[in-house]
Structures are given as C-alpha cells and as structure tokens.
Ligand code: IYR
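Here we start with a single chain on its own, the form predicted alone, put down as structure tokens.
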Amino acid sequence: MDATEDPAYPFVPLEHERLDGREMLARSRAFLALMQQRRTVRQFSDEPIPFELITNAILTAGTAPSGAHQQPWTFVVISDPETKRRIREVAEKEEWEFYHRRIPEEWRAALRPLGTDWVKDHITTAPHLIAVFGQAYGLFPDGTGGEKQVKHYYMPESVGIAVGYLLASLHHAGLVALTHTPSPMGFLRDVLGRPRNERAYLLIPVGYPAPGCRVPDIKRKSLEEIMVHFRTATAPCDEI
C-alpha cells in the first residue's frame, strides 16, 4: 500500500491496456475524424430514437472526472410532449425578452452568423430533451428528519466536463444535439420539480436531424490558434 493511502478508503489496481503505437494513432485519428463531423443542430426530426442511446450517453457522462469525485450532476430526460410544451412556452417567453430587450449589440453581432432567434421549435420537435443540472451542494439526511448540506467542489468545471462526454457519446451513436441555454434558466428547476440544491446548466435537445437540415457555414479554429506547446527547441516530438 502506498503511504498516502488511507485503509478506510482502499485503492484497487488500474485496469489499463497498453496499446501498440500504431493502434493508438489509428484510434486517435479515427476519433478526431468523427468529432470533426459534429455540428450543433437546430432542425430536428420528430422520429423516435432507441432510448438506450440516451441512457448510454448519460452513463458515459457519469464517467467524467469531478472535484473530489462528488459527481455533482443530474441529467433529467424529458420525453413527455406536454412537459416539453411547457418548457418551450416558458423558454420562448424568456428568449423573446432576451432578443428584444436585454441582448447587448455586441452579443447580437456574435450570434448573427448562427441565425438564432427567440423561436425554439427544437424543444418540442426533438424526441428527447436532456436538462443538465449542477448540484451546488449535496443534500443528505441528517438523522433527525432534516437534511444536511455537503459542499461540492468545482461543480461548474465538473459538470462541463461531463457534458462534453455526453455530447461526444451522442455524436458517436449517430445522433445530433443542441446546447441550449435559455436566458435565464431558473424556470427549469420549477417545471421539472428539482430540489433546491440543483442549478440548471444546459438544455440539450437530442434526436436525428430533420430531412434537409442545414447548419451555418462556419469554421473551427486551427491547431495553431488553440494550442501552445512548451518544449526544448532542440528536442523533437516523439514519433510513432
């Protein structure tokens, strides 16, 4: 046992397969090629999808690292048409206020290439919505019929990483999704009856793209624009 290990919290051997270098590179390139095809979609088909794709994606999201391994996330799946209608009704009311009265001109200019507006038909058209909540703190019985609060560490960062896993899993399964942030989002906790420790983080419609779906003609930043590499000038990078 390592000197840092507490006997009350045992460790187990890591399950890890050391891959051949060529296999590693092939997997890396294949995953990159797949993820380069991922696009945010606002035009959904109402065609049903296998629900296991949703549960598998959420289980994948649950494998994400989190602060102190507290896993401060809840994924609420909404498939009921009436609940989706209620969410859309409130979301569009908030979005109308945002687009007509609250949005700064700089933000409006940033959104213009995406063609977004206050109408959110994806909420009712997509077969499923995933409302992602971050748990600001844990709630546990205190032994007296009440509840005690337990602080959660790095909640926003942890939930953000989990959402990344979720989106990658959905895309890998052949689905499309949209990261929707109604502004503000507090109504989601009320509509969905979530406890007081949860904060709405994202609303994600999921499904197949609508026939003839179109997306904005936008480009991603190049490697040179997003990576900075510190290394010894005379030392070459490892090659496979």
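Keep in mind it's a predicted model, so treat the numbers as computed, not measured. When you see a residue number, it is the position in the sequence shown, counting from 1.
Separately, the form predicted together with this ligand exists; it is not shown, and the next lines address it.
Evaluate L111 for contact with this ligand in the model of the complex, applying a 4.5 angstroms cut-off between non-hydrogen atoms, and reply yes or no.
-> Yes, L111 is a contact residue.
Quick one: does H180 come within 4.5 Å of this ligand in the model of the complex, counting heavy atoms only?
-> H180: yes, in contact with this ligand in the model of the complex.
Is there a non-hydrogen atom of T116 within 4.5 angstroms of a non-hydrogen atom of this ligand in the model of the complex?
-> Yes, T116 is a contact residue.
Contact flag, W107 vs this ligand in the model of the complex, heavy atom cut 4.5 Å | Contact check for W107: yes, within 4.5 Å of this ligand in the model of the complex.
Stretch in contact, per heavy atom within 4.5 angstroms of this ligand in the model of the complex, of 96 to 104, 128 to 136, 70 to 78, 158 to 166 = Every other range fails; the passing one is 96 to 104.
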